[in-house]
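Here you get one chain, nothing else, as structure tokens; it is the form predicted on its own.
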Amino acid sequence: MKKLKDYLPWVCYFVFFLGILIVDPGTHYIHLVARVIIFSLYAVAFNLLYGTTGLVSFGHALFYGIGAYITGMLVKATGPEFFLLFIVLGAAGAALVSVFIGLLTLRLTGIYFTMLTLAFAQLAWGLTFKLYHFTGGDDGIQAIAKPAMLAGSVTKYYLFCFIVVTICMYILWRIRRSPFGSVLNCIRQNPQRITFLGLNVYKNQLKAFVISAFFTGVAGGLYAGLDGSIHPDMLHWPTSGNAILMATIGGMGTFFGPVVGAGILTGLETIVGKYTEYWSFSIGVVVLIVVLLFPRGVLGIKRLAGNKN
């Protein structure tokens, strides 16, 4: 029964993201759900730091943007034939940058780590404007082509995103349930105890930071192909804030919580955005309600109710 309960969220995941193809609500909504599944990977990768390791990075958009820009620039330079390879290279580039940033920031804790990651992301965001001939400046990079087998229909690209994201999500799920994941969870709860056990807190945090950056880069590369364009705001601090919001709304203590948060946040932006430009106000209200009434997020409601009994 316990194993069945563990895999139940996966069943819901497949039913929803594959069921949308059976329902076939139209091109617009399939494109919208494609955004949700890409943001889900972004949020789950971020949550390996936030919910599992206890590190609040406010600069994770840096790795999301790096994955997108490397993928987009390689496609523009050589063509879309090796699109999947370019996504992997973009993710590897994000991981490489994260090693450098992690070595500098993980020596610090708390707000100091948070602000330093923000500083690096804002620095990169500023550089994308200055290096106009390389990054396209505030225009970004447009007309990013997809390979022939993925072009012509948003459903094809949606299935491609679903397969890539599902593989990445399964790897992250296995990492979280592995002995390494248990070490990360213990670091979040009591880093001193990990030190007393003879384990290196700093090295394990760095590993988590790099892994999280890699899969965040994959999400960025996928998004570059979805809209066929990338822009500097992908590296801006609100994009980092979205990852925190998705994890918080859905439940940072659960693996699939950020997936639910991604769906809620994307839905609010789309639905409320149709009627008012102040859609961010509605998101603020939702976050306020969740934090005050359901501090463990939407998927933490059942767990919270169980603790009261």
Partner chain sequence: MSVILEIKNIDKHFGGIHVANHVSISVKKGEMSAIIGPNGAGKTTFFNLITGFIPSDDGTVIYEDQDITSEKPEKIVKLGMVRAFQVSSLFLEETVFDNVYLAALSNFRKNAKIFADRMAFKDAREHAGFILDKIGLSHCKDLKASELSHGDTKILDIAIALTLNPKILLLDEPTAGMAPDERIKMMHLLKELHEYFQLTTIFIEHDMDIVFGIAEIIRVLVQGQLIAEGPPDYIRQHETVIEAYLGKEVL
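Positions refer to the first chain, counted from 1. The model shown is predicted, which means the values in this text are computed figures rather than measured ones.
A second form of this protein, the form predicted in complex with the partner chain, is not displayed here; the remarks below concern that form.
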**Message:** Can you tell me which of 228-236, 131-139, 203-211, 71-79 lies within 4.5 Å of the partner chain in the predicted complex, counting heavy atoms only?
**Reply:** 203-211
**Prompt:** Looking at A92, M169, I194, L118, which is the one with a non-hydrogen atom within 4.5 Å of the partner chain in the predicted complex?
**Reply:** I194
**Prompt:** So which of L127, L199, L108, I163 gets a non-hydrogen atom within 4.5 Å of the partner chain in the predicted complex?
**Reply:** L199
**Request:** Check whether R174 has any heavy atom within 4.5 Å of a heavy atom of the partner chain in the predicted complex, and answer yes or no.
**Result:** yes
**is_contact(C186, the partner chain) in the predicted complex, heavy atom dist at most 4.5 Å** = yes
**Request:** Give a yes/no on whether T155 approaches the partner chain to within 4.5 Å in the predicted complex, heavy atoms considered.
**Result:** no
**Prompt:** Do F180 and the partner chain come within 4.5 Å of each other in the predicted complex, heavy atoms counted?
**Reply:** yes
